[in-house]
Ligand SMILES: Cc1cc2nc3c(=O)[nH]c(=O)nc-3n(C[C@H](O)[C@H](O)[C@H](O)COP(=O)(O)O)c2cc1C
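Shown next as structure tokens: one chain only, the form predicted on its own.
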């Protein structure tokens, strides 16, 4: 199956504890052409782990959503994907997560050192599924390994590759290597999604021009501001910036809260963390953090965010 043609250049990254159904809907509203679930355990899906099953919920309101899976056993990955394939538009394989817990178990970016296993996993899923199979990877584990892998991935049946221009060893530190993204784009004939250090319209344009990649994936910048998709799309069309004010971010959080209430994600921990992310960098955000850490229920969180917007 071919990768779908997206309506804009922007994709929301799969992010643990962030890319929930309400967050995806918010990012889609503000211009993400494709969103992904957070990385989910193939074993957890097969065993019907309640937390995992909550995170695979999808709304009819969502247009294009990919399910991201992690695992190292091709049969288990296929079984999990088949269980949920009808609910998603794309099945994405995680070969990039740098988390020590994930890597220690041989998942995520640890698989970049196992070419044969990577090939078998992609072949098994691309042959066994009706939906497109995509890959998210890093440039390598300790060194750049992507250029020796991406052609194998394409030939095994991957319909698109997302490449984060950092090795696993780098984590999220240092500068993303966009040259690797460019080299991957030159090496394969399937869509390439560039990822790393895109925090503005200017950076998105720079990445697209430098690498000639097809799409741009936004991660940490979206975590603090789902409106980043609207800002970038506007810049790519007009060359002009949109400036957000505090009131915009308060409105954004209240929209998020309504979606969380609608889809049963409105727990205190999630709302507190999201409020802190959305309100970061504005006058009064440090004081808001102190007050939110004391908040014991969602009503108090809403009250404090609205108060923050009036200061």
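All of these numbers come straight from a predicted model, not from anything done at the bench. Numbering follows the first chain given and starts at 1.
Although it is not shown, the form predicted in complex with this ligand is what the next lines describe.
Undergrad: Please determine, with the chain shown alone, which of 143-151, 228-236, 77-85, 164-172 has non-hydrogen atoms within 4.5 Å of this ligand in the predicted complex.
TA: The contacting stretch here is 164-172.
Undergrad: Would you check, heavy atoms only and a 4.5 Å threshold, whether residue 113 touches this ligand in the predicted complex?
TA: Taking the distances in the predicted complex, the answer for residue 113 is no, it never comes within 4.5 Å of this ligand.
Undergrad: Examine residue 220 and determine whether its closest non-hydrogen atom to this ligand in the predicted complex is within 4.5 angstroms.
TA: Flag for residue 220 set to yes.
Undergrad: Whether residue 196 contacts this ligand in the predicted complex should be assessed with a 4.5 Å heavy atom distance threshold; does it?
TA: Yes, residue 196 lies within 4.5 Å of this ligand in the predicted complex.
Undergrad: Although the partner isn't part of this model, could you tell me whether residue 302 comes within 4.5 Å of this ligand in the predicted complex, counting any heavy atom of the residue?
TA: Output for residue 302 is no: heavy atoms all beyond 4.5 Å of this ligand.
Undergrad: Only one of 62, 248, 255, 38 gets a heavy atom within 4.5 Å of this ligand in the predicted complex. Which one?
TA: Comparing distances to this ligand in the predicted complex, the residue within 4.5 Å is 38.
Undergrad: Only counting heavy atoms and a 4.5 Å limit, does any residue of 54-89 reach this ligand in the predicted complex, and if so which ones?
TA: Residue within 4.5 Å: 68, and no other.
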